[in-house]
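Heads up, the chain below is alone and in the form predicted alone; it's given as structure tokens.
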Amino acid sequence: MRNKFADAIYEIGKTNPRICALVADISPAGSMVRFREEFPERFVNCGVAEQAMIGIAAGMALKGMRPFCYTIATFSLYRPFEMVRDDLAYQNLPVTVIGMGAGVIYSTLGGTHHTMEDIAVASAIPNMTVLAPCDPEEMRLATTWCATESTGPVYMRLGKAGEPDLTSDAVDPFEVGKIRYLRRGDGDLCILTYGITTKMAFDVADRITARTGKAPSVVSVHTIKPLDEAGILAALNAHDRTVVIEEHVPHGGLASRVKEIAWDNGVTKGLRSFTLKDEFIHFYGSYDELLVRHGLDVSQICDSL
């Protein structure tokens, strides 16, 4: 996804001189190198100064630019939180903050690099839109929206690289603020998910189909804020059971919001959630191994359904 993001802003930047890229001590790669080389006046490497990166972006936005701030998620949102809140959101400026490598993808780098609560943090900020595309094509579409249509600040969560195509056969088109059926099942089970866990949701759906003969629906909730409450309520009512899978702590993410919607609307059908644990797990290992420790893997989820 990060490669598609770089491709997207480069292509848009060729015809839109308002697009600019700010990074914080991240070595540009792929199309980001081309952006830097061809538009040096619109590329700023702020170094290890994330607070300054957000402040600079705010100043550029006030002058009519559309900045994208790009670095590892913990450092794009947590470290400069006050600047994101006051410089961007308070003034409702069209700046997109990219959180790269979110969740626990940076497994071996420890808790300082694990972005486990970013959806909750970003969603709590007034005026902030929160996006989490699930594959390179959703990333391209989301980036294009941020560059051309957004009117305020956006936090966009993405993985690293190598994510598979999950949306070429999607039932619904991509639209910010609306859930998107990627696969429509037979009404027994609906899986709500977003971002980097969408591949896991497909694997869970495939295993359940093989085991039971019943095909679950898989829904990309790529817009966490503003959340498509009507769409989620319709999905809850259209299925006998609903499962939320997300690489985020239990509180303040999609699972919490879906439970609120179900409660507020008197939905009494089965509803389960699978999230990261509410703890820092002191374990050194691969990304997949760390997810297993959190209870987020295909076998554990399927065994619980």
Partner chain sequence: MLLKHFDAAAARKRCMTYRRRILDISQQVQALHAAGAFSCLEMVDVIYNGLMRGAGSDNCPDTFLMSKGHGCMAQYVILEGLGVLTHRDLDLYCKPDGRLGCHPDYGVPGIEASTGSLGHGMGLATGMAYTERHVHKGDGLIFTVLSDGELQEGSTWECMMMAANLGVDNLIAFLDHNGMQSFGNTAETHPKFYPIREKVEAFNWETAEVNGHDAGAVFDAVTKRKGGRPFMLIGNTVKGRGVSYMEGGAIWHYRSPNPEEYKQAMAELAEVSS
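Here the structure is a predicted model, which means the values were calculated and not measured. Positions refer to the first chain, counted from 1.
Form predicted together with the partner chain: not shown, discussed below.
The candidate site formed by V244, T268 and I301 is entirely out of contact with the partner chain in the predicted bound form, as no residue has a non-hydrogen atom within 4.5 angstroms of it. Residue-level contacts in the predicted bound form: of A52, V249, I26, L236, one residue has a heavy atom within 4.5 Å of the partner chain, and it is A52. You can rule out all but one of 258 to 266, 53 to 61, 271 to 279, 236 to 244: in the predicted bound form, only 53 to 61 has residues with a heavy atom within 4.5 Å of the partner chain.
Put simply, D165 is far from the partner chain in the predicted bound form: not one heavy atom of it is within 4.5 Å. Not displayed here, the partner chain is approached by D86 to within 4.5 Å at the level of heavy atoms in the predicted bound form. Among residues of the shown chain, L93 is one whose heavy atoms approach the partner chain to within 4.5 Å in the predicted bound form. Contact annotation for E82: at least one heavy atom lies within 4.5 Å of the partner chain in the predicted bound form.
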